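One chain follows as structure tokens, the form predicted on its own.
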Amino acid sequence: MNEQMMKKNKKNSKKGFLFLGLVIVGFILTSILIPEKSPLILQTSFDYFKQMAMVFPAILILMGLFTVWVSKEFVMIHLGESSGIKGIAVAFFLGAIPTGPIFVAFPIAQALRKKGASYTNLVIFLSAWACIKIPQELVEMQFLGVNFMLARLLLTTVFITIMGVSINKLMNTEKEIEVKI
């Protein structure tokens, strides 16, 4: 098992370096083809890096606390495959409460998955984090009205749930195929 994890980590590292290389090549090509955009690309990249660097240590601490404080059994009961409607509600709640950039949600989702959360609930958690925030809903209501906010919230909730269930079925089908091979 440990050897299998090491192989997977090595494979993911290679993918990460490949992606970084592609981004650098893309920047170089853009700098050659559209040189006036280079300073803007560099400034935007630097600003994003600063934002990540400021938030990342806190994410690491929270992930460590989460790993120690939240048991696998707890996650499996409340967000696992058999959690049903309760799991969907918990995932929506967990995703809608926090504020902050979406990249904070991905390590949390990974930790939830490692502890047994279903793909349905991960998709719902990430999607709720991205487009359902309680403070955001209040601002939306002020600018666009209650009817608009409720209609968008209802449709977003329905389609996020459909997407979560669909992705769960696809991922579980993919697992079955891997096991057979």
Partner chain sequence: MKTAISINGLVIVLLIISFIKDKKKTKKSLLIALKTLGKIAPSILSVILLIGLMYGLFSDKIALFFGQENGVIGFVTIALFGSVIHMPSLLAFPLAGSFLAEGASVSSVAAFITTLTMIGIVTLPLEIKTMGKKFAIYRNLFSFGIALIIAVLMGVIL
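Positions refer to the first chain, counted from 1. For clarity, every value in this text was computed on a predicted model and none was experimentally measured.
One more form of this protein, predicted together with the partner chain, exists but is not displayed; see below.
Under a 4.5 angstroms non-hydrogen atom cutoff, the partner chain in the predicted complex has I102 among its neighbouring residues.
Taking the partner from the other structure, the partner chain in the predicted complex has no heavy atom within 4.5 Å of any heavy atom of F74.
Proximity of M54 to the partner chain in the predicted complex: non-hydrogen atoms within 4.5 Å are present. Mapping the unseen interface onto this chain, P35 falls outside it, with no heavy atom inside 4.5 Å of the partner chain in the predicted complex. Residues of 125-141 that come within 4.5 Å of the partner chain in the predicted complex, judged by any heavy atom, are L126, S127, A130, C131, Q136, V139, E140 in sequence order. In contrast to the form presented, in the predicted complex the C-alpha positions of S166 and F19 spread farther apart by 3 Å or more.
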